[in-house]
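Below you will find one chain, with nothing else, as structure tokens; this is the form predicted alone, and questions on how it binds or moves follow later.
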């Protein structure tokens, strides 16, 4: 795939404070990329530098190989959907969707026909004559998407567009976004701090922290094999166990932890001080094939989560989180043996 968006040595500072450290990033044509990170991480600044709402302090931004660093938003092949939708309350839905086309000088009949097609694309066929006040939050979001897509941008930028929706509607709109992106073939760059949202919609997640890229890759890889401790803790819950490499024998190494020695193996032997990372669902109550016995733990408290029970466990001075099958029938106060598959353990330096 060819690169649609390219950052080359891009950084951004405000009043001497660096919010984006120098970085390189490429986004392919037709890719759905999610910039994920906490508030203040720099993800929205990255989005704004693509759209022209912020100018890099250093470096260049390219779209389809063309340097757009100094171009204003109106001259870039991008469109942006904001969290507040920014619809015009005095206009009909058709006029809202056609607004960008009118600014481009498209004839009235043609732009209204395209507006109708865009409303149909987002599931609002026949709504063109309605007013904004007649819509639900989810419908307003769809109109904002239709308006952005109407101008056929090469890159659609989405700045936390689902943040104001309730949970059920947010999940529905996540599915709508994926459907719309696949049908249109456009490149989507979506900003959020919601890990579940990122995993459900992205082709690739870029985890941002303090203006730096901590990790990036397909959602399953970033979740199951995070590259850094920050990515491991921000992308859902993790059990982090500090350790120190005690002995190395080829690709096998022994790690001393608060739980006792843990034997692991890998193509690259880590540094001396390390952390072992296990997701709560990777802790098991019965020994798996090629498993590791972690030890005996006491269930301190638990809560029913529908598909599983979320258990706080205490062992050897460590607090661990276990997602146990409901059928296991665990309750507070019981003791269990915990295991993990050797291949599930992620070893991170530091």
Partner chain sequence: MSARLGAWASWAYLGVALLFIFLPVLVLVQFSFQEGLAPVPPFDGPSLKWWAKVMANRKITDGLWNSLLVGLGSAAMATILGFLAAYALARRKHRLSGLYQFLLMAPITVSYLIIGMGLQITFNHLGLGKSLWAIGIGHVVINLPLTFAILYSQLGEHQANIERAAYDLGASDARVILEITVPMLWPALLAAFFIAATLSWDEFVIAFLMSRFDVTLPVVIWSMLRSGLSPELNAAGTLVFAISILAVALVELLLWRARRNAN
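Positions refer to the first chain, counted from 1. What you are looking at is a predicted structure, and each value in this text was computed from that prediction instead of being measured. Rigid core here is just the name for the largest C-alpha set that superposes within 1.5 Å across the two forms.
We do not show the form predicted together with the partner chain, though everything after this point is about it.
To verify the annotation, which of these, 230, 253, 99, 223, has a non-hydrogen atom within 4.5 Å of the partner chain in the predicted bound form?
Flagged contact: 99.
Exactly one of 199, 87, 121, 241 has a non-hydrogen atom within 4.5 Å of the partner chain in the predicted bound form; which residue is it?
Among 199, 87, 121, 241, a heavy atom within 4.5 Å of the partner chain in the predicted bound form occurs only for 87.
Looking at heavy atoms inside 4.5 Å, which stretch does the partner chain contact in the predicted bound form, given the options 69-77, 245-253, 170-178, 201-209?
Comparing against the partner chain in the predicted bound form, the contact stretch is 69-77.
Indicate whether the partner chain has at least one heavy atom within 4.5 Å of a heavy atom of residue 103 in the predicted bound form.
Although the partner chain is absent here, residue 103 would touch it in the predicted bound form, with heavy atoms inside 4.5 Å.
Does at least one non-hydrogen atom of residue 113 fall within 4.5 angstroms of the partner chain in the predicted bound form?
No - in the predicted bound form, heavy atoms of residue 113 and the partner chain never come within 4.5 Å of each other.
Using heavy atoms and a 4.5 Å limit, would one call residue 190 a contact residue for the partner chain in the predicted bound form?
Contact check for residue 190: no, nothing within 4.5 Å of the partner chain in the predicted bound form.
Taking the partner chain as it sits in the predicted bound form, is residue 32 near enough to touch it, meaning that at least one heavy atom pair lies within 4.5 angstroms?
No, residue 32 stays farther than 4.5 Å from the partner chain in the predicted bound form.
Considering only 107-143, what residues come within 4.5 Å of the partner chain in the predicted bound form, judged by heavy atoms?
Residues within 4.5 Å: 131, 132, 133, 134.
On a rigid core superposition, would residue 233 pass a 2 Å threshold for CA movement between this form and the one not shown?
Where the cores coincide, residue 233 shows only a C-alpha shift between this form and the one not shown that is less than 2 Å.
Tell me whether residue 212 is among the residues that move between this form and the one not shown (Cα shift of 2 angstroms or more, core superposed).
After core superposition, the C-alpha of residue 212 moves less than 2 Å between this form and the one not shown.
After superposing the rigid core, is the C-alpha displacement of residue 130 2 Å or more between this form and the one not shown?
Residue 130 C-alpha, core-superposed: shift of 2 Å or more.
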